[in-house]
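Only one chain is included here, represented as structure tokens and corresponding to the form predicted alone.
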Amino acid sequence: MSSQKPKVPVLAGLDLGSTTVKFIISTVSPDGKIEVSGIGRSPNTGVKQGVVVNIEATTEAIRKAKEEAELMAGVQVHDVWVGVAGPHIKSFDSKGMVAIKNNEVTSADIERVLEAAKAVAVPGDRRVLHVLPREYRVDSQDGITDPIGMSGVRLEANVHIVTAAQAALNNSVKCIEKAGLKVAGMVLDTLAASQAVLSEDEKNLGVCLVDMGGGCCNLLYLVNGSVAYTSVIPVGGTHFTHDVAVGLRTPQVAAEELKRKHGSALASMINESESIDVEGVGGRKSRTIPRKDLADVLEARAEETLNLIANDIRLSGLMPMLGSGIVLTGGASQLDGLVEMGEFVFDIPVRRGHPGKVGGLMDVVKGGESAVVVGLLLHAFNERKDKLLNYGNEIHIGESLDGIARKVKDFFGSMF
């Protein structure tokens, strides 16, 4: 393929999951619609709980997922937006204050106040991923979300700063570059997912987004439309699979299959008479067991996981602010009965979050496991909006000049 500039702007997202690497490619139409044109998935053994533990395996998984997505989309991509997750993510609140130039708040003042808030002592081995404004204050008036154009002397900002371990980021970047890609930007997984699955009303009312992945559950709390707190619980879908493998004495691969096809988090929802075939370990014969036995194993782990999440919500102190409850997304949230059990454990509304807000091949990204990659596209679009919407204007000018020259030539040609 030639390396000339594609006709339309192309965005790519990469989710380095603990079980699967997902790569997504989309085009952006001139009216600002994101159209998914390709997605690639590849099983991955090189990441544990969101952190790279094997460079070779991860690089290979990225390469496979990228090739699959490029084949489907029919384009080659060179840079990609990457989701970051794992127990090394730490976040905290900070404040900044500046004097307002010319007594009217401009975007330059906002940049300065965010810089001031960012100027906190972050340890050398950590890197700031996001500075997320929670609210602004002009003189003594607080609770302002967008202060541009307001009159005053002093501008203050309350921000939430998300940091990640530099070493963990370096290892991810190394894998991505070895797979022949450049990193366009790094985004917190749950922040990306929140753009794909949450409505504006939910963000404003207060919501806790739980991204249940293979290695861990990542939590993001949004209050009054902005991020208030993030945390990580080191339990995920692979723990469910492992329980099934041990409890029913079956290989991991078969356990994963059973969990996806026949699993349920509530044994009471299962009909007593249903039975399933379970593969034996090490060449032993497969046997038939009641489907309820599988549900019993999963129910114990589901209850434990949901209780850990409920405990995290209690400790955050934000429970009274979560007006629209909890949204579960990610691959592990697809388990039947999980939402019903959640309503019982949390005692506040629970729903499953599915990615929306994009067009194109929607049927291949409609599951919760695609929330992060779809969110990465939305985040990338918001960051680069002006550039993407003005993309190719210089081409059109060039083409139209060529066109005029040709018409003039034709006109004179017909005269003589």
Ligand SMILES: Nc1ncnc2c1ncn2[C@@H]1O[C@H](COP(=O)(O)OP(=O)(O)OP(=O)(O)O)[C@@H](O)[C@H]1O
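For every residue, the number given is its place in the sequence shown, counted from 1. None of the values given here were measured: they were computed from a predicted structure.
A second form of this protein, the form predicted together with the named molecule, is not displayed here; the remarks below concern that form.
**Message:** Whether E256 contacts the named molecule in the predicted bound form should be assessed with a 4.5 Å heavy atom distance threshold; does it?
**Reply:** Answer yes; at least one heavy atom of E256 falls within 4.5 Å of the named molecule in the predicted bound form.
**Message:** Can you tell me whether T241 touches the named molecule? I mean in the predicted bound form, with a 4.5 angstroms heavy atom cut-off.
**Reply:** Although the named molecule is absent here, T241 would touch it in the predicted bound form, with heavy atoms inside 4.5 Å.
**Message:** So, A332 and the named molecule: in the predicted bound form, are they within 4.5 Å at any heavy atom pair?
**Reply:** Yes, A332 is a contact residue.
**Touches the named molecule in the predicted bound form: G342 (any heavy atom, 4.5 Å)** = Judged by the heavy-atom cut-off of 4.5 Å, G342 is well away from the named molecule in the predicted bound form.
**Asked** Looking at the named molecule in the predicted bound form, is some heavy atom of each of D109, R112 and R384 within 4.5 Å of it?
**Response** No: none of D109, R112 and R384 comes within 4.5 Å of the named molecule in the predicted bound form.
**Request:** Sort through 333-341, 316-324, 146-154, 122-130 and report the only stretch with a non-hydrogen atom within 4.5 Å of the named molecule in the predicted bound form.
**Result:** In short, 333-341.
**Request:** Using heavy atoms only and a 4.5 Å cut-off, determine which of R260, K90, K95, K178 is in contact with the named molecule in the predicted bound form.
**Result:** Comparing distances to the named molecule in the predicted bound form, the residue within 4.5 Å is R260.
**Item:** Any residue of 37-51 that, in the predicted bound form, places a heavy atom within 4.5 Å of the named molecule
**Value:** Only a single residue, G50, comes within 4.5 Å of the partner.
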